[in-house]
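Listed next as structure tokens is one chain, alone, in the form predicted on its own.
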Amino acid sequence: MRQNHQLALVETNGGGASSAMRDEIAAIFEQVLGRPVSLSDDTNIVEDLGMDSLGVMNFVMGIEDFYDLSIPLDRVAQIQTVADLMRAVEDLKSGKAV
């Protein structure tokens, strides 16, 4: 059963939308992994963060809950880096075809 976790995030004023989204994504990673993470656009989600398949699915559910969207499994398979993830979320939020 999925649990809806509320995340407390601090708004950032200087980095723009992508910086704010990166901070949101980092907070979700930290919740799933149980440790602090440092992210850049080039961070590889599996290799750099040491996530296994269960961790990835927990993270995907966290992203879906936080942004109130559904990421198709074929799109999840295409996401390797934080930049890929941010692009996918932006596309899904704007209603672009995935």
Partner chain sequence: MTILAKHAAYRHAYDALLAHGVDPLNVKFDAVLSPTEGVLNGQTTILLGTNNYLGLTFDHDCIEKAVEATRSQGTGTTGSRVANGTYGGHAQLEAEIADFYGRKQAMVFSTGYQANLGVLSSLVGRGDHLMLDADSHASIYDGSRLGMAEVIRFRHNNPDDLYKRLRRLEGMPGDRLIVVEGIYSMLGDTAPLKEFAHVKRETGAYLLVDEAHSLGVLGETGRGLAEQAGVEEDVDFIVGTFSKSLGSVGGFCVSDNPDFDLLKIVCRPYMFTASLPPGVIASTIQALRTLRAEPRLRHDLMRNATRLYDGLGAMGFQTGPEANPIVAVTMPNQEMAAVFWKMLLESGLYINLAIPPATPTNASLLRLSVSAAHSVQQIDRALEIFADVGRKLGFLSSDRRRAAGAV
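Fair warning: this is a prediction, and the values are worked out from it, not measured in the lab. Numbering follows the first chain given and starts at 1.
Keep in mind that the form predicted together with the partner chain is not shown, yet the notes after this line are about it.
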Problem - Non-hydrogen atom contact residue 48 with the partner chain in the predicted complex at 4.5 angstroms - result: no
Handout entry: is_contact(residue 70, the partner chain) in the predicted complex, heavy atom dist at most 4.5 Å
Key = yes
Exercise for the section: Would you please decide whether residue 61 lies within 4.5 angstroms of the partner chain in the predicted complex, comparing each non-hydrogen atom pair? Expected result: yes
Handout entry: 4.5 angstroms heavy atom contact with the partner chain in the predicted complex for residue 26
Key = no
